[in-house]
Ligand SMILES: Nc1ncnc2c1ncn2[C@@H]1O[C@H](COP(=O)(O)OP(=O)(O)OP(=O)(O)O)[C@@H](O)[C@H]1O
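Presented below, as structure tokens, is a lone chain in the form predicted on its own.
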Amino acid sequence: MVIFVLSLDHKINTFLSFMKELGYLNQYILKYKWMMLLGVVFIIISNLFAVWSPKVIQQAFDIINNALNARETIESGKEVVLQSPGLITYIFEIFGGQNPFNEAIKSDDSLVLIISKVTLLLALTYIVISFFKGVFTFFTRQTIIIISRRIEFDLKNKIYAHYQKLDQNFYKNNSTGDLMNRISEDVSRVRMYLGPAIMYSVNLVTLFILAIGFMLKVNVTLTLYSLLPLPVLSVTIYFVSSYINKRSERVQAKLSDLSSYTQEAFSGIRVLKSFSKERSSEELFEIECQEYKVRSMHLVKVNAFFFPVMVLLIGLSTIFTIYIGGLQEIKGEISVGNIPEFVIYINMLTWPFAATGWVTSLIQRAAASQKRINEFLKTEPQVKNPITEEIEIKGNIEFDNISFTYENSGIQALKNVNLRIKAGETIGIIGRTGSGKSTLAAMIARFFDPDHGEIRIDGRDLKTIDLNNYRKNLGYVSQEDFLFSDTIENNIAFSKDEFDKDTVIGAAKIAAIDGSLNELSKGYKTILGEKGINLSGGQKQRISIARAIISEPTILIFDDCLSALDTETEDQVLVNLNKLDKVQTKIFISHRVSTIRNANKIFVIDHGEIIEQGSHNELLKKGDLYSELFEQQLIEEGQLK
């Protein structure tokens, strides 16, 4: 007994936990409350028609049974006046027709004619009832299911909009496959709760109340025996639901892993093929699928046991109905027609009760999915933008004792960095791989906030500047080129809502890519594959440069974006960039001296610290790291020759 109480307490706490997670959806239910209420009304009306259909069957059976008894009386030469069933009397009263049951029946032919008319009338009545039940069932689905689709639409948009607000740290700590799974699979599971789960739950409650009410009105004893297996069914659902929930969560977690692995494999297909690892990838995928299959089969086994047990218990209800109903009819407490009427009621309740387990599973899965969604929606970006004031950005940049450590790796990328960049200057930042160059660029773009120190733009703390307005004045070209699966023209003009072809061509010419694009069969209208897979590395870099400069930003950051270019093309791009508006602040980040040698000022960074600064000639005279890098590059160029 104590164990049962503890188990019950655990179940109640689990249920409350589910409802707490799903409580987030109440705002959407309230948004569509009138449509939801209308759907509930439609469910009630459709069930009202549904519970009347067994009454028609009952009347038909009773009429036939009375007719058989009347035939014996007629054969003995006596007249018979059949007792008119209540439903038939009601129908004739509505339509004002002559009730044939009020006439004395003298012959067998008259009896057959009357029974034929009445059964035809009952058949038509049954068809009409079924028709209206179907109509209101259709209206039900057109309200509640459509509401669930609309909420799915709203929820996906909210999740996607929230994803846009989150910073780089969030995306470093979460896999793309997992993020995709939450906005697709998890939202779909939530929709099943908002649509089918709510619809079938309301349907069960209303149908149960109406059907049981009709049954109790006929005979209480028969009703109790008919419903006897249902408490056992409820207890079965109670214990099995926890297993369904646990196994559903395990299936969902493995599905996220599978999605992440698949997405990564597709993104890295070039690497897989270049190392001839297709077979190994297939084997690993098969292992992941095998684990997913095992977990799914565990869930299927529970359901495979669950549903047959429910059908068995409903079958027992039918057996009890026929047996007890037969005894009741012999005693004269019910009519013959009440037995098939009860059988139909029991079978009518079969699917709602069978759906209880399915609905329970839907709710549990939805709660698990909504919990995962809530975790993301509650995630606050570390880089926040509380300011909406737009100001003019001139391009003065100051780093005041900036330090930064990556949260996920613990690597300190910048240590007490101090630098000053005047508006309109061309700046070069150089250093070995892993020295902190790209982190410094990310700081200027405010992809991260520093752990210590202050970044000032035009004398103002960067945290006090509207981030959206600031980034509109910023052109950033990452060393990791990313192009969208769209036309080249749209990729270049990505930052502009409206553009003309001449503007796109002008930006392409500055990036020295115009000639290469004109050689393509569709030119600027060429559709790119995923991440621009049908272009070379140098072409992608130059398209990225064109995309950055087309909006004429105040600050331009080129983060090692010329590494895939040959020396001649690099020089051409640099010459073109130097011809841009002199007001623009340009920051070139590279590990090659040739890229930054003509800058007004060069900062040399090593192990996260700026160790040298000055012009190209000044740094060469010092003979430190910059001079060493320059000599190494000369040696490499000499070896290439």
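If you're wondering where the values come from, they're calculated on a predicted model, not measured in any experiment. Quick note: we count residues from 1 along the sequence shown, nothing fancier.
The form predicted in complex with the ligand is left out here; the points below concern that form.
Within this chain, residue 409 lines the site of the ligand in the predicted bound form, having a heavy atom no more than 4.5 Å away. In the predicted bound form, none of the heavy atoms of residue 293 sits within 4.5 Å of a heavy atom of the ligand.
Shown alone here, residue 277 lies farther than 4.5 Å from the ligand in the predicted bound form, counting heavy atoms only. Shown alone here, residue 433 lies within 4.5 Å of the ligand in the predicted bound form, counting heavy atoms only. Only one of 365, 437, 191, 540 lies close to the ligand in the predicted bound form, with a heavy atom inside 4.5 Å, and it is 437. Of the candidates 396, 479, 469, 551, 479 is the one whose heavy atoms come within 4.5 Å of the ligand in the predicted bound form; the others do not. Judged by heavy atoms within 4.5 Å of the ligand in the predicted bound form, the contact stretch among the candidates 490-498, 127-135, 437-445, 543-551 is 437-445. For the partner-free chain shown, just 172 of 157-172 comes within 4.5 angstroms of the ligand in the predicted bound form, judged by any non-hydrogen atom.
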